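Before any questions on how it binds or moves, here is one chain, the form predicted on its own, in structure tokens.
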């Protein structure tokens, strides 16, 4: 019975298989199997054959493909696990392959290794801090995960403090673990965030949009008031300006800019600049 169910699932996935290059920027659904053109010198430019994407490092594999969020390896296949738009980033060498991921709108944040997030310290048990990052369970943070921290020189971290750090352990079978130092042992901007300022939450899609290298919103906001701002990949933003009024204005702008057009944003920024 189990074998029959697995065969039926494989046939269903095979019937919905589509070539990835034809659906870039389009909506993909969970369970779909992606197909990529085989790139081998022996095939020639016109001999590309659609086949299931092979992720095994065999002798015939010459293209490196990285699976991003929304995609999962299943043997030698690549399956879609989230509903969203398929995205692709070419490698710097231009030799094919690259990074594939699904750009989806989700409310709950799922911890990912290497993500920089803003957390709230909720408890302290022994040498471990429990940090709320907006996921299904709190993350753990050791007191030794700060720059210059030792057993005698412990960091001044209290319950309720805001922490900016990154994940070093994040998978479905283990508790997420955060650190506030990079690979060289430096804080590099991470650690306890100042007491002043305002913390608010936005959608995960807006965070990715604001962190894009060519984001015009941050450039326009920076021209209004002098500010300090911290972005967390878990949908949290901390902002601080000279006055409380300026801080609230910046927070309202960042929350509303997700559904604004470029012309609407320019009108609002011009009105604020005049006032």
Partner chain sequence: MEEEMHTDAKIRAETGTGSSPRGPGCSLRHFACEQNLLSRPDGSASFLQGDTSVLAGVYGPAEVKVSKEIFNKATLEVILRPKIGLPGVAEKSRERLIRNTCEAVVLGTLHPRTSITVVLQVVSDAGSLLACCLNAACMALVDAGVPMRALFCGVTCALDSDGTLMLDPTSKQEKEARAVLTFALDSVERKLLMSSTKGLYSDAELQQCLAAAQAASQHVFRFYRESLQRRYSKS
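So that the term is clear: the rigid core is the largest set of C-alpha atoms that superpose within 1.5 Å between two forms. Bear in mind that the values here come from a model prediction, so they are computed numbers and not experimental data. Numbering follows the first chain given and starts at 1.
Although not depicted, the form predicted in complex with the partner chain is the subject of the following passage.
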Could you confirm whether residue 32 comes within 4.5 Å of the partner chain in the predicted complex, counting heavy atoms only?
-> yes
The partner chain contact in the predicted complex: residue 136, any heavy atom under 4.5 Å = yes
Looking in the predicted complex, any heavy atom of residue 186 within 4.5 Å of the partner chain?
-> no
Residue contact check: residue 158 to the partner chain in the predicted complex, 4.5 Å heavy atom = no
Could you tell me which stretch in 145-153, 160-168, 77-85, 188-196 has residues with non-hydrogen atoms within 4.5 Å of the partner chain in the predicted complex?
-> 77-85
Contact check for 22, 66 and 89 against the partner chain in the predicted complex, heavy atom at 4.5 Å | no
Pull the contact list for 259-275: residues with a heavy atom within 4.5 Å of the partner chain in the predicted complex, in sequence order.
-> 259
Does the distance between the two CA positions of residue 244 reach 2 Å or more between this form and the one not shown, the core being superposed?
-> no
Spell out whether the Cα of residue 30 moves at least 2 Å between this form and the one not shown when the two forms are superposed on their rigid core.
-> yes
